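To begin, one chain is listed below as structure tokens, in the form predicted alone.
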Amino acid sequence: MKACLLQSGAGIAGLHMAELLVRNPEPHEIRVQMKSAALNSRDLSFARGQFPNPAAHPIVPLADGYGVVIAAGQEVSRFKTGDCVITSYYPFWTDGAITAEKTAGSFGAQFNGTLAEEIVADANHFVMAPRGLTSAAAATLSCAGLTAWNALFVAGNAPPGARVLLLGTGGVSTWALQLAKAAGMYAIVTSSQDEKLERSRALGADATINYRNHPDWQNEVLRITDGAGVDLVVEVGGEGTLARSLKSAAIGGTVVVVGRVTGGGAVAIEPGMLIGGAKRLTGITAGSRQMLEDLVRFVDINRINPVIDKVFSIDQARAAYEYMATSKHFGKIVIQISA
């Protein structure tokens, strides 16, 4: 079968096509013909050698993927031939609280991922795909969609009517916007580009902030909320934005850190801001299979169609990585593997 291979730290230039042997599934495994795979910022980190505990040899990259079951082992009861499935980001985290053991490995980082014509893996490492989405759209749930779900409804515990601040318009943030609006929340979106803010408003954003025009954008958040601040910040920037996110949060508010796309080194946090404001700062990493199954049901019920910025073919995989590195995308970047 045709697959892409990449070694951590080799850079985008290290991504290359290869022919891999196909094997039959073991009794507990399924064999999946992959249709689409989606890129995430973690995949750029892997290419740059910045992802923790990567495989020491070239592997098939990417964690997000959608495909069709073409064979199932005799002990498999969760799926049958012809079922449409998506990968579970952390295959060993089925449910319950996060542990080191449950998050010890993920697709496209510690073992082979989704950028291949076929995958053979344990049936418990997949969930049934949403019914109403294209293969490209369904491929975006496993990492970005799941992270947004966890940030809003699990770690963030945001109820309908909550005020949420979403930084940027990448995959997690656009997913969070769509989920937040479907759940009846008030959403504020930041970006450096007015065109992206206009597209965010078309998706339902209640207020937008161009942080190039407003470098102290936390003051704009406070102005928009009449000085109260937001109940929840989905923080994707990391060191470069964290201090402003904390200032944007309301008394009793929560900042959920899901990424660090801005970098910037160490950041000083004033304990008094957390104590006096009774604010909560927490970090998350994707989520469990149970959370992903909850997300799939929510997407089906609310007919959410995730935003796809651009679709590349598997032969254009390197171009897809390069495009993501420009940060020009609005929503998700997908690689079509087969029709």
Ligand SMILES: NC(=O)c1ccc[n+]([C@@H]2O[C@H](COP(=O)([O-])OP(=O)(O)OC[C@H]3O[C@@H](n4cnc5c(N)ncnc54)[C@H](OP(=O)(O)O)[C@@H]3O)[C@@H](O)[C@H]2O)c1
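A residue's number is simply how far along the shown sequence it sits, counting from 1. Values in this document were obtained by computation on a predicted structure and should not be read as measured data.
The protein also exists as the form predicted in complex with the named molecule; that form is not presented, and the subsequent description refers to it.
Q: Could you spot which one of Lys196, Lys181, His125, Lys247 gets a heavy atom to within 4.5 Å of the named molecule in the predicted complex?
A: Checking each option against the named molecule in the predicted complex, the one that comes within 4.5 Å is Lys196.
Q | Option touching the named molecule, based on a heavy atom within 4.5 Å in the predicted complex, out of Ala139, Ala176, Cys143, Val233 | A | So the residue touching the named molecule in the predicted complex, by this definition, is Cys143.
Q. Picking from 28 to 36, 295 to 303, 282 to 290, 65 to 73, which part of the chain touches the named molecule in the predicted complex when contact means heavy atoms within 4.5 Å?
A. Every other range fails; the passing one is 282 to 290.
**Q.** 4.5 Å heavy atom contact, Ile188 to the named molecule in the predicted complex
**A.** Ile188: no contact with the named molecule in the predicted complex.
(Q) With a cut-off of 4.5 Å between heavy atoms, is Ala317 one of the residues that contacts the named molecule in the predicted complex? (A) Answer no; every heavy atom of Ala317 is more than 4.5 Å from the named molecule in the predicted complex.
Q: Classify Leu167 as contacting or not contacting the named molecule in the predicted complex by the rule of any non-hydrogen atom within 4.5 angstroms, answering yes or no.
A: Answer yes; at least one heavy atom of Leu167 falls within 4.5 Å of the named molecule in the predicted complex.
Q: Spell out, yes or no, whether the shortest heavy atom distance between Ala116 and the named molecule in the predicted complex is within 4.5 Å.
A: Heavy-atom contact with the named molecule at 4.5 Å: absent for Ala116.
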